[in-house]
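Form predicted alone, single chain, as C-alpha cells, below.
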C-alpha cells in the first residue's frame, strides 16, 4: 500500500544543547510523518540524541524503550561538529520540510535560504515576559496548569506520568508541518510546549472564565475520582446530567436523597456520595463495573496496565499493537483505506 507521505523528505534537527522536553516533541512529530511514509532524516548531534539513554531501558540490551518508540521508520545521521557545513550539504538535495528548536540560528538561516517548509518548536509563548524559568518537562506542566489538577491541595504537586508536556506539542507540530507542506511559501510555523499544553488543559481556562477561578486539586473532594475495586481501580467519570443513571446503577437508596438533586449540592456533599460508591466498587471487578455502566451509557473507565493493553480484545481486533523487531509497539491510531501503518526500526548510519 502506498503511504500518504511517500516521496516527502523531512529533516528532524536537534542541537547538542536542545532540552529533552523539546527533543521529545520534535521526535514525536517526525515519527508520525515517518510512519505515514515520509523519508525522515534524524540529525543527531555528536555523541547522539540524549534520548538514547533516557529510561525506561529494555532489560535485554539496555536500549531506551522511549528512543525506540519515538524514532520508528526514520534514518539516523550523526552531524559532525561543523553543523553548518553538514546541513548545507544535506540541503543541496531535496528537502521538503524541517522540524527544529527555536533559536537554532544555523538551521533557521539555511532553511530560510532554500524556502523549506519548517516548524520551530519552542518552550515558551512568544508573549511570555523575560527572563524565562529553566525549561523542563516539569516547568511546562506547571505553567500549563496540569500540576494543579491532580492530587490533594495540601500536598506538593504530583508530576504526571509519561511526557505530557511534550507530546501535545509534537502533535501540534505535525499538524503545522502538514499545513506548511500544503500551503507552500508561508512563514515558518511556531509551536510552544506551554501553549500546546494550555490547549489540552482548556478546562482550566474555561473554569476560570465561568467561575472566576481555575479548577484546582480537590483530591478526595473531587467530583470524579479513581477508586479501588476488586481487581484494581476504576475511574468514576460521568456526565453532569447522568447522576440519576449512576444512582440507578448503584441501587442504594441513600443516593436518592433530595439533597443530591442539584450538581452544586452534590459537589458540596461529594464525600457522602463516595461513601456509597466506594463500597459498591470494592466488591466488583473492573470488567463487571465497566459492563454494567456501559449498559446505562455511563462512561466509567477501567484503569489498565500496559501489559493488559497488549492483550485487550479491542486492541487485538484493531491490530493496534504490532511487533517491531521483537518489541511490542503501538502503531498510529489511524487507518488509510482500511489499513493501518506498522512502524519499522530506525536505520542507523553506517559506523554508528
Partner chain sequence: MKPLSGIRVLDFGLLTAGANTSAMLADLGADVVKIESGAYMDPFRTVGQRDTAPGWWNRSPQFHFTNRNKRGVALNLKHAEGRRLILELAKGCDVVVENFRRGVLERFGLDYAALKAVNPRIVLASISSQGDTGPNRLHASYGSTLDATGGMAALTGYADDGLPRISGMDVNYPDQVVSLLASGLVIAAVMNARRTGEGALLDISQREIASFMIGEEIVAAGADPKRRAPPRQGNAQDGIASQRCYRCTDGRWVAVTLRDANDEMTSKRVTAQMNLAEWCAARGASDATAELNAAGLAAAVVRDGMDLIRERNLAGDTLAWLPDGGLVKGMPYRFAGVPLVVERRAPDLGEHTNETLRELLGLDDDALAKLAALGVTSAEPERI
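Positions refer to the first chain, counted from 1. Between two forms, the rigid core is the largest collection of C-alphas that superpose within 1.5 Å. Bear in mind that the values here come from a model prediction, so they are computed numbers and not experimental data.
Note that the form predicted in complex with the partner chain isn't included here; everything after this is about it.
Partner proximity in the model of the complex, defined as non-hydrogen atoms within 4.5 angstroms of the partner chain, places exactly one of 144-152, 95-103, 76-84, 244-252 at the interface: 144-152. Shown without its partner, this chain lists 109, 205, 230, 261 as candidates; in the model of the complex, only 205 has a non-hydrogen atom within 4.5 angstroms of the partner chain.
Using a 4.5 angstroms limit between non-hydrogen atoms, residue 128 touches the partner chain in the model of the complex. Within this chain, residue 89 is remote from the site of the partner chain in the model of the complex, having no heavy atom within 4.5 Å. The partner chain in the model of the complex is not approached by residue 266, whose heavy atoms all lie more than 4.5 angstroms from it. Shown alone here, residue 136 lies within 4.5 Å of the partner chain in the model of the complex, counting heavy atoms only. Contact residues in stretch 229-255 (any heavy atom within 4.5 Å of the partner chain, taken in the model of the complex) are 233, 235, 237, 238, 239, 242. After superposition on the rigid core, displacement of the C-alpha of residue 248 between this form and the one not shown stays below 2 Å. Once you line up the core between this form and the one not shown, the Cα of residue 209 ends up 2 Å or more from where it was.
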